[in-house]
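Single chain ahead, written as structure tokens, the form predicted on its own.
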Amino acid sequence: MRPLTEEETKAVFEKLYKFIGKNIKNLIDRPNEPYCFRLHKNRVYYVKEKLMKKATNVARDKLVALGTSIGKLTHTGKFRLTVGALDVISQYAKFKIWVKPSSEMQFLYGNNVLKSGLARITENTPTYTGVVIYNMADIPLGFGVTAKSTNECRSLDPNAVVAFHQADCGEFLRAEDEL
């Protein structure tokens, strides 16, 4: 377990910025307790500083995980958000999409959000920006990237893709070995 290098930090923050914008500083400087990002076995963890200091007493090879796993770094140095980041980014998300109950399961099976399944979308959502996908009960299901802006969504046909799937809660079952 070690702190992120400058390049790794830049990659993580650039990816998080797509979803939560300037709220990134709220992730680190929380009013109740400070948090930090740590790297362990190519996985990035979001950890309370108090817990991180206690974990220094555990040997690296014995440490399995620490805090919330928000993503992993690829061999090429790119950062990929995983479904573990959903709780973190859903608190501060700038843009949101709500899906109808009929298309909830399709999204949880790994499919994109179609116009026919779109219930609501945040106003002024631009194209190709990060969004958190919610059900109608405001429970975060996953996240993705918008394929169309809010204005373009109004005139789409029902089978057009509104948001590309990136991660969802169903991954805990589908890819449990990789998480």
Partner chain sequence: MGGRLAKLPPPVTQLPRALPVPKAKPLTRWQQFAAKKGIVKRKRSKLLYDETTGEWRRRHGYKRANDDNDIPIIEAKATDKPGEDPFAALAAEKRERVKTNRAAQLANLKQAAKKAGPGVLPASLRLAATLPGEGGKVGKGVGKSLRRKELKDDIKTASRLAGISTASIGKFDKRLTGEKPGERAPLGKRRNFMPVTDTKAERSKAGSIAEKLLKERSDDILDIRKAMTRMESQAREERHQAKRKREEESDGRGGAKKGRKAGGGGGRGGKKGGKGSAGKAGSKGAKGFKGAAGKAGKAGKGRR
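Numbering follows the first chain given and starts at 1. Just so we're clear, the structure is a prediction, and the values are computed from it rather than from any experiment.
As for the form predicted together with the partner chain, it is not shown, yet the points below apply to it.
Using a 4.5 angstroms threshold between heavy atoms, Phe164 stays clear of the partner chain in the model of the complex. Proximity of Thr127 to the partner chain in the model of the complex: non-hydrogen atoms within 4.5 Å are absent; the residue sits far from the partner. For the chain shown alone, Phe37 is a contact residue for the partner chain in the model of the complex, at least one non-hydrogen atom being within 4.5 angstroms. Contact annotation for Ala160: none of its heavy atoms lies within 4.5 Å of the partner chain in the model of the complex. Interface residue among Val58, Met136, Ile28, Ala65, judged by heavy atoms within 4.5 Å of the partner chain in the model of the complex: Ile28.
Residues of 116 to 133 placing a heavy atom within 4.5 Å of the partner chain in the model of the complex: none.
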